[in-house]
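Okay, so we've got a single protein chain in two different forms coming up as structure tokens, structure 1 first and structure 2 after it.
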Structure 1
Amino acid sequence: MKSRAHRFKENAAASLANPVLQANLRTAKGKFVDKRAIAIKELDDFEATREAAKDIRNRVLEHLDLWLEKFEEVACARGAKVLWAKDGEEVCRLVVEIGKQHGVKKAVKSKSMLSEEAGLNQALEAAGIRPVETDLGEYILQINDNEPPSHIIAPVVHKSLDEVADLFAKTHKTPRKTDIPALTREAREVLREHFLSAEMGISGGNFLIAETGSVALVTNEGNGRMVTTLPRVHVVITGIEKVIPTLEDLATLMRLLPRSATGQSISNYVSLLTGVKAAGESDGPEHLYFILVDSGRAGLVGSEFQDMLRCIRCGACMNHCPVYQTIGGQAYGWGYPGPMGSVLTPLYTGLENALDLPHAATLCNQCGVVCPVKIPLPDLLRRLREKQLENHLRPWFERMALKAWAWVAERPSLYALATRFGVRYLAWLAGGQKSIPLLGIAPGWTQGRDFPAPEGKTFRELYRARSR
């Protein structure tokens, strides 16, 4: 059975054919883009800050094992326990064991993409532990039959106000509301009981600070602090690449993260959580666990794809991606959509399980230009495409076509002849019109759009005429 990531073309076609989704995507399009453009103007040294952030992340990755050992040493000295998970299955096993050890019946969750990656909710339910998502977007998706998120920072960006209003009225058995403050209040009232009764809180972490043994959590909702301070057990699940050396490094990265993500100078809540509740303190967990997850990350260290581990999960690449803006995030078939997901999913799940994702981009480089830590996303996508060809993971006719094109391109005279023929053929198909409604040799190109007709001569012909 194909994975959802393996069905990208089918998913994308369904998204394009969904009029409600298309209307919602048009409404959301550009909001984060415009806010980011305004927010980065606040920094006189924006490019220098990007370079500094890149250097911080590279410095960690060059000695990742040492920084992780430093974090473990300091965190344990502050009363936490540090556990290591090689994959999502082990994440689920460890969390369930912690839950059973402490008699947990309910766990409230916040800000944890990695738990989505691991399929943690299903494992908790199977073990008799009720998981409750408390981020508003994740909560909406959970009560809507555990629908997967479409964005890493705005998981319900694909839904309209009317859809959420209908869902709340159906689930909560309350009068239908279309006023956003009223809907958020209703969610708070429902979730408050869960905050007060849950024995365990589960969160992710934006960064792990080695010098203090802390986790930094960046949110725009107060639920993150409720999840991490009210329950007697707090479990942090995050990737091993999230560690950074110092609080000063955190300050540098925080100048970029909220601006790149939501266009804010600073998020509403920035929490630095360190150790367990001490004597005389009124809140905080009695037991704190850090589960540091590999799931393919260690294998990227020192490889040609190491740059991808710099990612700080801001979502700027998908906000600016014309492909993501057109089909939404769920078409990508896994927790990480957009350009970052098109690189991460094949690397984490296996290139053979996400064959179309490296091709789910125009390589326009908008993602690379806006990435706050300067990840060369188009280069990584191109390299994944090359590896597919090297490993014979693309269809034979596609491989033969590329070899034929390369053979022709290496012979200038033959290439010139082929381009002249191609231009004439396309002009004939257009029949004097500005576009071609059906491209016979590649009908997929014109299933949802017309193919622009050539305007006349080839580039070589135009250049030759201009040089005379």
Structure 2
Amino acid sequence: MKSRAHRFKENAAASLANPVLQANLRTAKGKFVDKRAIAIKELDDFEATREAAKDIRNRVLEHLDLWLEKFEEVACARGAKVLWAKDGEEVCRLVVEIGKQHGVKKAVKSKSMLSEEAGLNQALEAAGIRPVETDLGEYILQINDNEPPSHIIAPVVHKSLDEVADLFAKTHKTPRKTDIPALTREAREVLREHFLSAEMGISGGNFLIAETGSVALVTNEGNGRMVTTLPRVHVVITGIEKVIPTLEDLATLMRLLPRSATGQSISNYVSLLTGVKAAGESDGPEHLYFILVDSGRAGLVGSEFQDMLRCIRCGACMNHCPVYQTIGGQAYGWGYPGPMGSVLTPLYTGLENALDLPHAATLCNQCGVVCPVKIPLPDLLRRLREKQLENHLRPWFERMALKAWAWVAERPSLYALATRFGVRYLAWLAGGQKSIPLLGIAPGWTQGRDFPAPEGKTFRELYRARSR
């Protein structure tokens, strides 16, 4: 997927000006936040479970290479092939090769963030393989001219029923309907044909379990089952950080993932897929491939950003983020929106390609307190800001202003003098009014609100005068 993260400000302005999106964001916010709050109350040891989940993920990251080798060994013993991809390009190349080898004309897909990162659909199309998204949300985006997703688990959360109704009528050439069950039935009918005719299924993976060589898929629609069991060939594409040691670890993480994501105590489907169809078995693929992708992950191991690799892609951080709630996910410009995206996008696509993202957060730490694996997201955002400054990636004016302000703040007498003039200037601007409608030195502030006038003298001056 091509990143549009460098256009964050324009993207955000467009989101703010879109009334349909704003209405949808308001509804979605209530749903996700309230449901999660109820769901975590069912756990009497929620905090302890978070701590345990964090430990599991940390344990893996400390010896990521060993756990991956273990996974490879066990998965291969069950008849799977494990392939390694350095980046998105390699992912595309490998999938196309597999497709050609097995004479694939059509591939059905269920959610895979990595295939989105890699831009796999375009590569498949170029190679004459038709990719069909089968997650309802992803399907809607695909038939809407490959619109980018706005959320990692609810990719069309920004869309209204009316928009979908129009889209279905146009694409399926059926009478327009706004009854949701009828719309889903229509999608099922269209997709069923594809499930039955596709030679290859492509899925992501929520977790890879080292002790059994399995992939765990956490879904709500059931399409994941079709994609992974009906076609002859199944390709799992996922990041190398997704491995966990045992099934017991999976059980711990599963207490948190659906609750944090959608407020469900368990998702509708949890599939554990292990190996190829054995002799005498009636379903499952004849060929199973795991493509385990680096794409910048290995570089984070051992770095100051390693904590981010704990992420289990639940989306809670974005659902609770005041900025995400205001502008939606597409504004972030890549597959990963919200706080996790503001950390991942610059790390995976280059600091210089997402300069706004680490700053587009109030550091309110609502994300940090809901994250099921306790990733200190605000802290990571702050470190990215530091990295930008170190690499001279901030505008000259901003760097100078920051330096000048700090320089003065270190010199109390100068600071006293500067602030004395500063507040008088602001008070003069206010001209006796309670607030200033347009502030030349900080136009951003007065874009959408007034700047309250200062009292006119500093505390320092008044306190001095009083103690005399």
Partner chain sequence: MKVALFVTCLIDLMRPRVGFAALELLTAAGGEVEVPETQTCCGQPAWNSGDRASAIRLAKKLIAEFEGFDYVVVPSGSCADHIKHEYPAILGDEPEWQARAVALGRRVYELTDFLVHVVRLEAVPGRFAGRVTYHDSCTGLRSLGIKAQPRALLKRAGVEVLEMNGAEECCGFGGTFSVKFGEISAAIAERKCANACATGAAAIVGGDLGCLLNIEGKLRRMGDETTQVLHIAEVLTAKS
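Since the structure is predicted, the reported quantities are computational estimates derived from the model, not experimental observations. Between two forms, the rigid core is defined as the largest C-alpha subset superposing within 1.5 Å. All residue numbers here follow the sequence of structure 1, with the first residue given the number 1.
Undergrad: Look at both copies of the chain and name the one that is the form predicted on its own.
TA: Structure 1 is the one predicted on its own.
Undergrad: Superpose on the rigid core, then tell me if the C-alpha of Lys41 is displaced by 2 angstroms or more between structures 1 and 2.
TA: No, the C-alpha moves less than 2 Å.
Undergrad: Taking the rigid core as the reference frame, is the Cα of Ala12 displaced by 2 Å or more between structures 1 and 2?
TA: It does not reach a 2 Å shift.
Undergrad: Give the turn angle of the smaller rigid part between structures 1 and 2 in degrees.
TA: Smaller part versus larger part, rotation angle: 18 degrees.
Undergrad: Where the core is superposed, what shift in Å does the CA of Pro437 undergo between structures 1 and 2?
TA: Once the two forms are fitted on their core, the shift reads 3.0 Å.
Undergrad: Let me know the CA shift of Glu461 between structures 1 and 2 in Å, rounded to one decimal, core fitted.
TA: Its C-alpha position differs by 8.7 Å.
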